[in-house]
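In the block that follows, a single chain appears as structure tokens, in the form predicted alone.
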């Protein structure tokens, strides 16, 4: 065991759909067998994961009877207890069945919308039974190829009504669950409503029970749109709305690849871990570190467990690199020098008139400020040297 071996305190989780991914893609069938969820729990425990997450139908096949549902759940709970894993997050599959071809909460057919809300209620019952604290909503079919099919404003209203109803459902039942909304710009729909974390954060502010709802940003989904995952996560953290996070890797501009964490854009992965761990001085994120990714299609089941170990190991290596970077004396000096005068913001804690007088009285030489070098080139090079192992 070394410093990069996962421990329960790291709160690493994987979904049944991640390590259970059989390698199917739009151009070819599965390359790995379907694996029993009980066996996946055993495998995750062996590689050092803390928890396992799931969609309702990852565990309970669509259309199962109540008796079969209870048998499956009981067997799964026995496996969790035997291997010491928890289920911190569950979600509801509102995208696979053909009934959701025009959306779930936003579908034009009221019966489809009713079915989607009812299916979520059943999934929330399952989440409570498994001890989950977070329930994620990813609206994979909540979008359109042609906006002529519906008023997009009505789509937002339908989404809001469904979430308000489901918030009231967990409140009425006394479930200790929070909701986390997951954004994505496109795929499988041509365009998906509420496409980015920023869209989601505003939408949450319009909900009747916004205190119960936060976000679940995903690296691949933000990167697909050419956005900064770090900035989106920072905004969510600053708002107190980072309820969950999906870690993976993605090449910009590609389809949703769900690659092993850190296997693309190592700089971005480093900065994200630095933010989550709070090594630069911010309050750290304390929730699960969930890997929403899957092994290459080239792999057998041994390769799947290599993939899972790799996600966790890379995170822990980047955590150690971030700690060393932020403890580096030169780094601290450069950052401190760039933040000159931080404690002297004249408009903080004053009335508007007082702030205006203080600002007008302050002597500021913009030409002198413009000539001042900030040494960010040097700062960035130091960061690269830590990433490459040349420092620390």
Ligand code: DIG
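Keep in mind that what you see is a predicted model, and the values were worked out from it rather than measured. Residue numbers count along the first chain shown, from 1.
Although not depicted, the form predicted together with this ligand is the subject of the following passage.
Contact of residue 250 with this ligand in the predicted bound form (heavy atom, 4.5 Å): No.
4.5 Å heavy atom contact, residue 311 to this ligand in the predicted bound form: No.
Heavy atom of residue 91 within 4.5 Å of this ligand in the predicted bound form: So residue 91 counts as contacting this ligand.
In the predicted bound form, residue 222 touching this ligand (heavy atom, 4.5 Å): Outside the cut-off, so no.
The unique member of 203, 305, 95, 115 whose heavy atoms fall within 4.5 Å of this ligand in the predicted bound form: Checking each option against this ligand in the predicted bound form, the one that comes within 4.5 Å is 95.
Option from 278-286, 143-151, 212-220, 311-319 whose residues, in the predicted bound form, bring a heavy atom within 4.5 Å of this ligand: Result for this chain: 212-220.
Heavy atom within 4.5 Å of this ligand in the predicted bound form - qualifying residues of 151-189: Just 182.
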